[in-house]
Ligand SMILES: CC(C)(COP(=O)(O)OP(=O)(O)OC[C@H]1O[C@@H](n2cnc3c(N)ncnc32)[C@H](O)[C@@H]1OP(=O)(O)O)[C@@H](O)C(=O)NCCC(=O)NCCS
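Take a look at this single chain, the form predicted alone, given in structure tokens.
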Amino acid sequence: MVEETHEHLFPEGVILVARRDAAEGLDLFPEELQAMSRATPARLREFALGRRCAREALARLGGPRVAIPMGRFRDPVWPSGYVGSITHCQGFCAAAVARTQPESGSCAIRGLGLDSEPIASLSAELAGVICTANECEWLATRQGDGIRWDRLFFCAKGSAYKCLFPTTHRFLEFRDLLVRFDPEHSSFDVQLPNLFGSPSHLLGRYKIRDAVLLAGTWMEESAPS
């Protein structure tokens, strides 16, 4: 079953397809199968479902039905003219895709990041690795409001990393990124370290549904000077 509940996670022009159903047949291209030759059956089904979501999103944008192979660092390699991101979590798979040269009225998207996590608290030790001192202070003020903000920090930073990496090819630590949530609007802002060729911050939104946290981050094309 295709889910249509996350359509407002990204700006206009970004297509998001989410699924929970098991893949009926692998429906993979030869190069995709070869890359997953050592995967367990469960991992292979998960991979196939993610690629199915990605190809459905591409099709809705009028894009080609092509292989989406893995790059050197196992990140998806999108067809020319498109950017995207894929996520998997406890039987849930989703993909977000956009054109790099959108139709009139849509912002030009340079990068997309999509991450999903189960609704579960992090250990105090792991939260200390993921969150900065300022973020930990903010977490302390949100105790008891029913939202797993520690896990949401993990999810938001994961989406930001996936958004940045195809452009920067920089490996970052979680605490290199500073996330500020706006709970009223289910959104967040990510302040970035000083990376050559990168913006100073990213915008993101989050959703919480059916025991899954989902965070989406995007990088808009800089206006010409």
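Numbers for residues come from their place in the sequence shown, where the first is 1. Note that the structure is a prediction, hence the values are computed from the model and not measured.
The same protein has a further form, the form predicted in complex with the ligand, not shown here; the description that follows concerns it.
Worksheet item: Of the residues Arg110, His88, Arg142, Arg148, which one places a heavy atom within 4.5 Å of the ligand in the predicted complex?
Response: The option sitting close enough to the partner is His88.
Worksheet entry | Within 4.5 Å of the ligand in the predicted complex, all of Phe47, Tyr161 and Leu172 (non-hydrogen atom) | All of them do, each having a heavy atom within 4.5 Å of the partner.
Worksheet item: Do Pro102 and the ligand share at least one heavy atom pair within 4.5 Å in the predicted complex?
Response: Answer no; every heavy atom of Pro102 is more than 4.5 Å from the ligand in the predicted complex.
Worksheet entry | Contact of Glu117 with the ligand in the predicted complex (heavy atom, 4.5 Å) | Within the cut-off, so yes.
Discussion item. Quick check on Leu177: any heavy atom within 4.5 Å of the ligand in the predicted complex?
Written reply: Taking the distances in the predicted complex, the answer for Leu177 is yes, it comes within 4.5 Å of the ligand.
Worksheet entry | Residue contact check: Arg43 to the ligand in the predicted complex, 4.5 Å heavy atom | Contact with the ligand, yes.
Practice prompt. Counting only non-hydrogen atoms, choose the one of 178-186, 58-66, 26-34, 163-171 that falls within 4.5 Å of the ligand in the predicted complex.
Written response: So the stretch in question is 163-171.
Practice prompt. Pull the contact list for 56-85: residues with a heavy atom within 4.5 Å of the ligand in the predicted complex, in sequence order.
Written response: In sequence order, Met70, Phe73, Arg74, Asp75, Pro76 come within 4.5 Å of the partner.
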